[in-house]
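Just one chain follows, in the form predicted on its own, and it is written as structure tokens.
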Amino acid sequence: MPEAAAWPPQDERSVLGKKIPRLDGPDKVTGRAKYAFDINRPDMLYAKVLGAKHAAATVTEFDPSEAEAMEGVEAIWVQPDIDGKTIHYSGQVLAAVAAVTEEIAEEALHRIHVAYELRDPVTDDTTPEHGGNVDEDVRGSIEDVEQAFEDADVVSSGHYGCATITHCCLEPHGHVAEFRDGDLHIWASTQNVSRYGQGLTDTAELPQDRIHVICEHMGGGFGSKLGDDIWGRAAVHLAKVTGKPVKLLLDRDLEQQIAGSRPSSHADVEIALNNDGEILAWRSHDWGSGGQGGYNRPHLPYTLSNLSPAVMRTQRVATNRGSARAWRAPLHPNGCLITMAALEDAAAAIGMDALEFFLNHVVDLTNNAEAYREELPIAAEMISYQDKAHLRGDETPGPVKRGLGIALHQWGGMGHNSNADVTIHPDGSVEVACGTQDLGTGSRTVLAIVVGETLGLPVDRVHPKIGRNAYPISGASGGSTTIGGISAASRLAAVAARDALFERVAPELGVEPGELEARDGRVQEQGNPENGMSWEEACGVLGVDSLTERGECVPPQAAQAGLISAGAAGCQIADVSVDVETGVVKLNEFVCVQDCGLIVSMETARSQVFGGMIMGVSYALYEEAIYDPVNGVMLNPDLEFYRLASMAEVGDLKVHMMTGPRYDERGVIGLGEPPVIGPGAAISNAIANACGVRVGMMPMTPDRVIQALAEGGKLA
């Protein structure tokens, strides 16, 4: 990997790390940006999906004949081996209908006869009795844990939990499929453009090089759109048998039930500590449900990698719900809530200020102590902590109580394998092509910034091309790996293209290629700007041939070269008001101090943090998938009763990005997930400090606040 590929020093950057508006912003606000839902092909059919009406059953009869006979119905796809099919959750896909209009397709679903033999569903995930084997993770020894609890001055204990929530992508899952000239063309809403076609080869009966995937824009994924899914394969089948384009995107009710969820988590936690605040040991038992998809251990005790002795027991509760999928920072928000709530309760148990407790007794147990020690005072100053903070329970007269809450979070974020091509044309125009997608992080803008910085050009001179599997292969957008991967790949490609251009231009200027630089729209001798030419003149030396170079990000080598790294850390402090008469929580102010290594695009980086905070406020106070306790059917598969936060409810958000040599020297680190981890924990802690009792279950809805106050004796 060439040494010249290293990121330029901070004082030599022209666009890298600056506030550059999103390149696709105008297209999105004017409606020019086209999503899968916007694609309408000639003679296109509309497909609707039939989902099971029950959460636990066996299909005993399936007869689509009445639907098949309807005028306007062109094809019906049916699950293989439908007779005797076991139903594990409501909405489970049984069939799909393609018709000339959406209305006819919808009516056809009602005319498919399905009979079931019902079973009793498992609906309760609040207790671990339905769980399988218990996994146990021990640091130190169980005997050490028991001894620490015997020696403790104080044992703080609590129960904490968070409900199942859905991904709530504004653009549902699905795609438009069309066979044309023997090839398959797919307009998909996907986080994995380069490899989306892999799962469709058998259905399409085509090799991957004849499957063309297009995703110019997408309306959210949050980890749920990494594969083509059974409904995607159904759409391809319908397009193949009819010979017509088929649009199949899930309706909202099915989207909420079957397109993925974040698992619930519940935990009983005990912390042993002495009166000085030293944490002596941790003991926890957690359980939860990812529906039929199982339940993986949340990270407990979250961030406290150096806390020993500790014992963590985990149980998995299988329920009749749609399966879990990666939900933005999978299981980190769950672990963060459980751990940070337990820590603030421990501070309250010994009567110590939470900020003091975190700085003196918590951060040294993490692997990010230096970062947290720098970030927490900044966050405290941003929110005027010293003026507002108090010990557990606001004693101010009146029903409205105010409190602050703290949370720490961390993430990996190492960039993925990615390829990019940079092309310099004789007329001076520049293109960068990469088979990535923009999940919302601003991929186009980042590519333009990196290439522009490398070639000494403003970003509007660089034309990024993404969202097609015809472009160089890039990884899926998962784990906050995209920006690191495409930044390193495009940097390497741009350096190679620049150096190839220097080879052609150097003889014209009478110098060696290594003595040239590209700066401010010129190619010139280093230290002697007079000996140079404009960018257009330099590109004109190419004659009639364009110049293309490829860059490949291989994470270990890119990390070794300082282009990318892993390990983002941040802290958040929430300021809330709680009306103890109504249970209504109002977020007054919310601050985040965030590290993500070298920042490529300051504007989109800050936007990611704001987005994560908003999403966090929503799941902390409003979001919950509610299931009928008797039949297991989801009761709120819509956006009316599945509540999301409005912009009027997120409070005053403030973001501070950690920059400077100590952070920049690590290279680019992914940022999409870290800021969504801590809001639930910070808000839960703020509520506890405001009203004096812990609301143990998230979301902290008014009824749960009132219940906690009643159980804690805080209601007259």
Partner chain sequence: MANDEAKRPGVEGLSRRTFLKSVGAGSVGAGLLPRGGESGAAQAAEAPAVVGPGETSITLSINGETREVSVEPRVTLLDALRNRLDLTGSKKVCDEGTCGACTVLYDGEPAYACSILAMEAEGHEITTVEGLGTPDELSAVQECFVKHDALQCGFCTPGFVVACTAYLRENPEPTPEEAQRGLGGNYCRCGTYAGMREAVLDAARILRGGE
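Positions refer to the first chain, counted from 1. Just so we're clear, the structure is a prediction, and the values are computed from it rather than from any experiment.
Another form, the form predicted together with the partner chain, is not on view; read the next lines as being about it.
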| query | finding |
| --- | --- |
| In the predicted complex, residue 502 touching the partner chain (heavy atom, 4.5 Å) | no |
| Residue 637, heavy atom within 4.5 angstroms of the partner chain in the predicted complex | yes |
| Exercise: residue 110 in contact with the partner chain in the predicted complex, heavy atom 4.5 Å | yes |
| 4.5 angstroms heavy atom contact with the partner chain in the predicted complex for residue 607 | yes |
| Heavy atom within 4.5 Å of the partner chain in the predicted complex - residue from 282, 358, 222, 535 | 222 |
| Contact residue in the predicted complex, chosen from 555, 562, 440, 330 - any heavy atom within 4.5 Å of the partner chain | 440 |
| Contact segment among 610-618, 306-314, 366-374, 541-549, judged by heavy atoms lying within 4.5 Å of the partner chain in the predicted complex | 610-618 |
| Non-hydrogen atom within 4.5 Å of the partner chain in the predicted complex for each of 25, 31 and 641 | yes |
| Members of 638-676 lying within 4.5 angstroms of the partner chain, judged by heavy atom, in the predicted complex | 638, 639, 640, 641, 642, 643, 644, 645, 646, 647, 648, 650, 651, 652, 653 |
